[in-house]
Structure formats: C-alpha cells, structure tokens
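In the block that follows, a single chain appears as structure tokens, in the form predicted on its own.
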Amino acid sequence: MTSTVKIPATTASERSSALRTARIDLAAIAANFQLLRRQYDDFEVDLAADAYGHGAVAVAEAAVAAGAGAGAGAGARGFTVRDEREAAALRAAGISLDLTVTEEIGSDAAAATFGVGPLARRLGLTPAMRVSAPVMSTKTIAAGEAVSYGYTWRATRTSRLALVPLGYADGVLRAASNVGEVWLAGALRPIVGRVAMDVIVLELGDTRVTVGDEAILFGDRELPEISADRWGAALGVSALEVTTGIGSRVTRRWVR
C-alpha cells in the first residue's frame, strides 16, 4: 500500500499568530508616499480594507509624518476609505486628516503606496509588506509517497520536505497548491500537495533545512523574484488582493 505524508493536526499554540509574521516597513510607505505626492498634486492615500492589509492606522500615521495634509502643493490632501465604518475607526484612533468615503478605487496609485503594482515598478518604489514563517518540521519521503489532502502530489524520487505554518486561513490561496513557490534556504521551493488551512509543504530536493529556518512567502526587497506582484501573477490575482488577503492570524510587525 502506498504510504502518504499527512498534514498533522495543529495545537492552539501552533496556530498562534506568533508563528506567522507580516513585517510592514513604514519607512518604505513614507518614502513611496513622498515620491507619489510629488507626481500627483491631488494624491490621496487609500486606506480601504485596513490599508490593503498593511494596517490603516499605522499607514495613516506614517503618511501624516511624511507630510500628508501639509497644505496646497504639498501632495496628499487626505485619505480615502470605502465606508463610514472604516472612517469612524480611523477617527477613533485619532486620525484627524480629511477622510473621504468613496467607492471609487484608484488601484494603481493605491498599490504604489505599498510598493506593488505596475506604477510602483515603473517608479522604483519599495515593497512594504514581507510575509514569512519558520519551518516547523522536516521529513524525507520515498518515491511514490503522497503529500497532503487528496494526494494530488506524489514524489518521483526520494525527496526532502519542509512543513511551514502558512495556510489558506492566512491568505495562501488554495490555487497555490502544486503551483506556488516560497523562498527557503536560498532558493524558491515549490509548494507540493494541497494548501491546508494551517500549513503548506515545500519540496526541497537535496537541500537540508533546519526547524526554525525562515520561509518567505513574498516581499523581501533584496529578492525581487519573490514579490507580491510575482506571487499574485502566479495565482491569477493582483498584488493588492495578495496583501489584503493576509489573514488576522498573521502578526503585523510595523518597523520604521
């Protein structure tokens, strides 16, 4: 009988968001904002959907510190949100700059604020979000063994695998099953088998990794091959859909 590699049940502590981190570079957002406001006199920072997953209050504070609302000719006039609930949450947090509630989406400029999308690439802006998680276990399997639910992938040779605690509950779309790639140990490693709620499995070839080694889903400024744009393109979605979809279990760590 063919053996299989099953996804283990995770404990409450293993599901803790401390395992999963989204590092938000507020200095990058401020720098992107300053460049954009020089390009567009009426530029407004779009804070919809918790600033597309980056944290609306933190982003607003960074933009204000960088000169938002500084007067005529200074750039951004204020912020936009999608509904009054989002506006009220920002006001409650002490954001007093003008807030415009609108259904209009300036997606290219919104994306550029966070360093993703075609405008950001054209202007050389810096990606702000970096999502990663540590390897939680490793395993070597033999040829013919299958991985994850439904056994949609089988090893064709002896293979090393790494289990990483990022799953569809964290924003790794099920479409990434047997398609997506994650940076680990100096190279892109394919996701094999189905993306589970809490974890993904990476195939390592002959590479050895250690429990605790960092796997990067996307966003390292030194590694353009793992951008949110590239990740989204591989799955047929936009970079803003990627960042917005990063779940609440992923701990946001804002750095300046």
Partner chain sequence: MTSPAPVRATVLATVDLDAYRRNLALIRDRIAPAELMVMVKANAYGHGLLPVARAAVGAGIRFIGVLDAESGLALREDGIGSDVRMFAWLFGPQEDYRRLIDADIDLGISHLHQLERIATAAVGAGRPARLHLKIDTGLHRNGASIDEWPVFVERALELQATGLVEVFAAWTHIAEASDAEDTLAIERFDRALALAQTLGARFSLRHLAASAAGFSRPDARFDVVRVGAFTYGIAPGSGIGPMSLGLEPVLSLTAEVTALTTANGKSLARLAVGYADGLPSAAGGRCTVLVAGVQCVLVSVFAGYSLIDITAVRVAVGDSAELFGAGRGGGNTLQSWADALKTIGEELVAHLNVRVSRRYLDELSTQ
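Numbering follows the first chain given and starts at 1. The structure presented is a predicted model; accordingly, all values stated were derived computationally and were not measured.
The form predicted together with its partner chain is left out here; the points below concern that form.
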Answer with yes or no whether residue 85 is in contact with its partner chain in the predicted complex, where contact means some heavy atom within 4.5 Å. yes
Check residue 44 for me: does it contact its partner chain in the predicted complex (non-hydrogen atoms, 4.5 angstroms)? no
Non-hydrogen atom contact residue 65 with its partner chain in the predicted complex at 4.5 angstroms: no
Tell me, yes or no, whether residue 30 is in contact with its partner chain in the predicted complex, where a contact means a heavy atom of each within 4.5 Å. no
For the chain shown here without its partner, which stretch in 57 to 65, 215 to 223, 30 to 38, 192 to 200 has non-hydrogen atoms within 4.5 angstroms of its partner chain in the predicted complex? 192 to 200
Picking from 184, 90, 141, 119, the single residue whose non-hydrogen atoms come within 4.5 angstroms of its partner chain in the predicted complex is 141
Its partner chain: the contacting residue among 26, 209, 188, 49 in the predicted complex [heavy atom, 4.5 Å]: 49
Who in 134 to 150 is close to its partner chain in the predicted complex, meaning a heavy atom within 4.5 Å? 134, 135, 136, 137, 139, 141, 145, 146, 147, 148, 149, 150
